[in-house]
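To begin, one chain is listed below as structure tokens, in the form predicted alone.
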Amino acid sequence: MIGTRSKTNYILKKHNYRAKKKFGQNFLVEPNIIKKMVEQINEDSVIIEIGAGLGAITQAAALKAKQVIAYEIDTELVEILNDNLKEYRNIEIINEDFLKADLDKISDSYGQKVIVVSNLPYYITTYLLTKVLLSSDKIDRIIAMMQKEVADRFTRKEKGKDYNALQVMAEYYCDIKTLTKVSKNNFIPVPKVDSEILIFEIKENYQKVEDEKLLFDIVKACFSQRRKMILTNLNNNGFNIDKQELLDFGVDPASRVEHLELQDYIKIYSMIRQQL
């Protein structure tokens, strides 16, 4: 199997390849962690993997799932993947930036919801999760490995200074739980911090609003200057609202983002929708 320390070192040496910092590459070399990830899929699953790397998770997923579509932006790694995984007929390797991919089209082509799996690079975690969540009606769940400090933001109950708009979006769409923690020593090269794997399970019956773009525009507006009152932020971002309107909908206009719950954003959304 690819996802072992010895096999990974062999592949890197064979292809004279070194991990590239610009792509946030750290290769997972702990089979037990990989096993826990693929236990979340079944034989009927269609998997989209973001950042296939050397193919450790790709290979393990292919042994269990119906189909694996693996995205890898690094052309050199695609050549290695094609060599490592050439015997698998249920793997499609795509040399493309996933941020440019049409997730809806992929899901529709298989006629079912997909499972997204990824070891998310820190520098694009927000962009990747946002893209996937906005296609939530095509997704069954997301199995995402990320830096532990980032994962903690999604799972802790209190809202810290790093509370952000993506957490509101994730709460809107998903039930989130921790699968397992991952020591930094389980990667080559060794990163500076530990990681954690989260499962974002798309809610079957979440309170879906008619215009989700408007809802998230409102959320982003409220976060635009987090030290200011939400009333100020909303008005500074083109929403013409007065104090009494917010009060009538049960929202304190002097609140700051860390004081609001998901339902508060939905209340503000309902108020603004009535004005359109």
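The shown structure was predicted, so the numbers you read here are calculated from the model rather than taken from an experiment. In case it trips you up, residue 1 is the first one in the sequence shown, and so on.
Although it is not shown, the form predicted together with a small molecule is what the next lines describe.
No member of the trio Glu158, Pro253 and Leu262 reaches the small molecule in the predicted complex with any non-hydrogen atom inside 4.5 Å. Remark: Tyr10 does not count among the residues lining the small molecule in the predicted complex, judged by a heavy atom distance of 4.5 Å or less. Contact check for Asn26: a heavy atom falls within 4.5 Å of the small molecule in the predicted complex.
Among residues of the shown chain, Ile230 is not one whose heavy atoms approach the small molecule to within 4.5 Å in the predicted complex. Although the partner is absent here, Asp74 lies within 4.5 Å of the small molecule in the predicted complex, judged by heavy atoms.
Residues placing heavy atoms within 4.5 Å of the small molecule in the predicted complex fall in a single listed stretch, namely 118-126, out of 146-154, 118-126, 174-182, 198-206. Of the residues Asp104, Asp83, Asp194, Glu96, just one reaches the small molecule in the predicted complex with a heavy atom at 4.5 Å or closer; this is Glu96.
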